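Only one chain is given next, in structure tokens, and it is the form predicted on its own.
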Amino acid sequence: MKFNRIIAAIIGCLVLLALPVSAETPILEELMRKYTFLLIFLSLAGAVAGIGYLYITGLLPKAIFETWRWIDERFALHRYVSLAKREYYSVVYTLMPATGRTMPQSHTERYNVKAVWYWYPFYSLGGLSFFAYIVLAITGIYLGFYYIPDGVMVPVDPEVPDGEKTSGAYQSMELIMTQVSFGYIIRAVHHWSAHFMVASVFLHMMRVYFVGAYRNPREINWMLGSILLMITIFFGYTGYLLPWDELGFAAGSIGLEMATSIPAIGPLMAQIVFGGTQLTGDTITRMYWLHIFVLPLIGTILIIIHMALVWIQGEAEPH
């Protein structure tokens, strides 16, 4: 009951802060705009001070236990943790999974290696690729709140129709870079995570090839990995066009020429991917939906299948 009252009081304070201080700007938004870093610092300092107080008074274990009990009552985490522990110990100590499934082992466990392999880091490239994918998803969602997929070119100065032109996509990119809180950093993280993912997926594929991990019975997983590499590259290409600047327009022109050069189905491919045989405002709309919906949907499904096959088959011994 006491905990519920505290939650209700916090919600009430947030509602009051959300009310406009004038006809336009809410109090909370005004505070966040002017004192962002100060509020972050005060929040962190308050959290550290609160934890320190609980530690000094000896209430920290009780607070952690009550928090865990409150979460466990609603999500049944203890049951799933116990299940995971039972599976782990049944594999490690008896080599007989309780449910009959196999669990991937590290290479030091599989081969009983006492020292770290000099090439062991190459076996972490798949995990690093997945980590980069998660970072890209999180930062992409943040950027998607402000990005506008409008590729129609309009004059910067309406009074000079033949002057410099821009698009809604480029203007939204400028907004993210100059006015959105942490927008420049988030876009930079998204940009470099994309480069990192392309490199790690490519190196992961090379590692699989050079150690012979594509052989029987892993041919299907090798083909899935090859498709995922293509999807990763297409991810990067569609994202490269979204700012719709000079580099994006040039990349779009090259991609359109490559699509139309395909025998027989070239015009159809250009129509599906680029919205026509000429670059227009529809091109950005197509690239936007490919980048945020079609490719993530296909990529996520294939990643789940890819990782499930690794779970079932285990990691391949190097040939």
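Predicted, not measured: the structure shown is a model, and the values here were computed from it. All residue numbers are counted from 1 along the displayed sequence.
Separately, the form predicted together with a small molecule exists; it is not shown, and the next lines address it.
Here the chain stands by itself, but in the predicted bound form one stretch of 240 to 248, 180 to 188, 127 to 135, 146 to 154, 127 to 135, has heavy atoms within 4.5 Å of the small molecule.
The putative spot formed by I64, W70 and H78 is not touched by the small molecule in the predicted bound form; no residue has a non-hydrogen atom within 4.5 angstroms of it.
A residue is said to contact a partner when one of its heavy atoms sits within 4.5 Å of a partner heavy atom; V201 meets this definition for the small molecule in the predicted bound form. When contacts are judged by a 4.5 Å heavy atom cut-off, S172 does not count as touching the small molecule in the predicted bound form. Remark: S167 does not count among the residues lining the small molecule in the predicted bound form, judged by a heavy atom distance of 4.5 Å or less. Contact annotation for A316: at least one heavy atom lies within 4.5 Å of the small molecule in the predicted bound form.
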